[in-house]
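Just one chain follows, in the form predicted alone, and it is written as structure tokens.
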């Protein structure tokens, strides 16, 4: 029995999750496995009603599931940082979800903003370290709200954190077995302490993987090459902060946020899967949001939890439907959110 914790969250999150669960029910019947879902009320509405973001008892309950399926978090009436830190970052840190995995893949028939680029040119994966760097919250203020104010934010990297992320990326490159090329993205010429550690660990682990070719990009050069020559990449490994930036660039070159799915992963514990786009509150309740990213995230969840065939089958169905829509943008798809989910179920 596959046990999944479901967090619909805010805005259009519950709508896209609903379509993902529809697909889950269908693929479970087709592939003959059982799945049980349990919903958790977390997000902006919950916070506004109770003042709670992620109660300790809820966190403990989430640890007992095989995976977490998240819709979106973000509410216009909740100040910035409360949900992001109290829910998303706390889940990443407390569950030790040290890998953020972002496939960047252009599906046939999907419009790409890059001139002359085709599906065979855009098919790589970004491995983002997910529990260190600027996101740990080390820092503070002195003389706040005065003209002498000082604000600090510490870019923290540990050998332990970097080593396990880089090793995961080498293993993934070997498993993909495509170009067998792993590219480290950092900024070693300026961030000469934290990123020197990344460079040294990367070179050290590379000696254990003689079958894997390695390369290095400064992050600014990576942004350029992802646009100019995305076909160069196979697997990219990078820091938390830079990964946050280049994964959104990756989403755009694969067709937009409507198709971008991701996973927050601990290889041997409960992991969390979600669409990359936000809660899109202006589309809430209109049945116009694109659920394909959420359905793609479900496919990743299935692959991660040992249902590889089912996960690949979901991805193929998503790819088929994506190429048939008029657009991947909300309100421009040529059909409703519900109809997209139905079409994926049919494509299975």
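Small disclaimer: the values here were computed from a predicted structure and weren't measured. Numbering follows the first chain given and starts at 1.
The same protein also exists as the form predicted in complex with 3-isopropylmalic acid; that form is not shown, yet it is the one meant from here on.
The three residues 84, 92 and 128 all sit with a heavy atom within 4.5 Å of 3-isopropylmalic acid in the predicted bound form. Between the options 163, 231, 244, 96, the residue in contact with 3-isopropylmalic acid in the predicted bound form by a heavy atom within 4.5 angstroms is 244. Site annotation in the predicted bound form: the residue of 172, 88, 78, 206 reaching within 4.5 Å of 3-isopropylmalic acid with a heavy atom is 88.
Only one of 128-136, 179-187, 231-239, 193-201 lies within 4.5 Å of 3-isopropylmalic acid in the predicted bound form by heavy atoms, and it is 128-136.
Residues from 266-294 that approach 3-isopropylmalic acid in the predicted bound form with a non-hydrogen atom within 4.5 Å are limited to 274.
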